[in-house]
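Just one chain follows, in the form predicted alone, and it is written as structure tokens.
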Amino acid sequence: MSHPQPSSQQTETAPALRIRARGRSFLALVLSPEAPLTDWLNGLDHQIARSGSLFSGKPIILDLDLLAEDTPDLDGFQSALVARGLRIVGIEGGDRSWPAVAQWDWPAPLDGGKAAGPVELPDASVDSAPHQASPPLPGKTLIVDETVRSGQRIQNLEGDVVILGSVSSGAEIVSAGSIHVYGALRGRAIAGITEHSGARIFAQKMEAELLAIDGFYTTADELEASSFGNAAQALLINDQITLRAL
């Protein structure tokens, strides 16, 4: 007696599902605390209050290179940051063997971070520094042909951002280089995020909620009245954001 042969459907192995993968970049803010930590935390509180939603939901990388093993208040420093709502996804520098950080929650090391290049230290004695040509940036310019609506976020981590329309209140533009707005800038503009102090923010009508260049911020309340509502550029002079007419 012969046994029935299995059907082709029973013998064939189902093909493996094809896994789709796509890249997605997020802006991670790198914080480099300095001693005394109490003063640094006070400064951070002030910065968070001035920065709107900049820190909200952003991954934070904590760089401990400027701290030492015996830095006062280091043991409770991580919990102080978490209590402020910061999401620490990575810790660089320092040493896990330090007794003060023995109870810290150390996230798994992150790989693949893109180097930002050398840091340009400002020279306070040379007022003409901002007039010098900015070093060229690698990467591509992102051009947006329309108005950026409230709640939208445009980001280019490799080069400049050009907005041919306006930027509405509640919108956010983030750029590794400079930001150019050919309409009204009423939202937040954050330029030079890769430690590019020579980045600038240009707007045909400057009414920004917040301006930031290379980690230094200013809000609408602090903008120079003479430039508000006019064509202007923002640039960094001696760690201060300054507006100039276009």
Partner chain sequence: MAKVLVVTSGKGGVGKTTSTAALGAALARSGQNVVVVDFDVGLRNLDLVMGAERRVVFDLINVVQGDARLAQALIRDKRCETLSILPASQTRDKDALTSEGVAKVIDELREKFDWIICDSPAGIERGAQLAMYHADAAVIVTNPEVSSVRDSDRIIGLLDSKTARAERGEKIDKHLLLTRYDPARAARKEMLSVEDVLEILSIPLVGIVPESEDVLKASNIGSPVTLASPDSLPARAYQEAARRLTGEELEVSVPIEKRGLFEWLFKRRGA
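Here the structure is a predicted model, which is why all the values come from computation and not from measurement. Residue numbers count along the first chain shown, from 1.
Same protein, other form: the form predicted together with the partner chain, not shown, and the subject of what follows.
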Ok, 105, 73, 146, 95: which has a heavy atom sitting within 4.5 Å of the partner chain in the model of the complex? 146
Of these, 141, 169, 155, 78, which has a heavy atom no more than 4.5 Å from the partner chain in the model of the complex? 169
Heavy atom of residue 195 within 4.5 Å of the partner chain in the model of the complex: no
Using 4.5 Å between non-hydrogen atoms, is residue 180 touching the partner chain in the model of the complex? no
Look up in the model of the complex whether residue 63 has a non-hydrogen atom within 4.5 angstroms of the partner chain, and give yes or no. no
When the contact criterion is heavy atoms within 4.5 Å, does residue 200 count as touching the partner chain in the model of the complex? no
Among 217-225, 39-47, 64-72, 204-212, the stretch whose residues bring a heavy atom within 4.5 Å of the partner chain in the model of the complex is 204-212
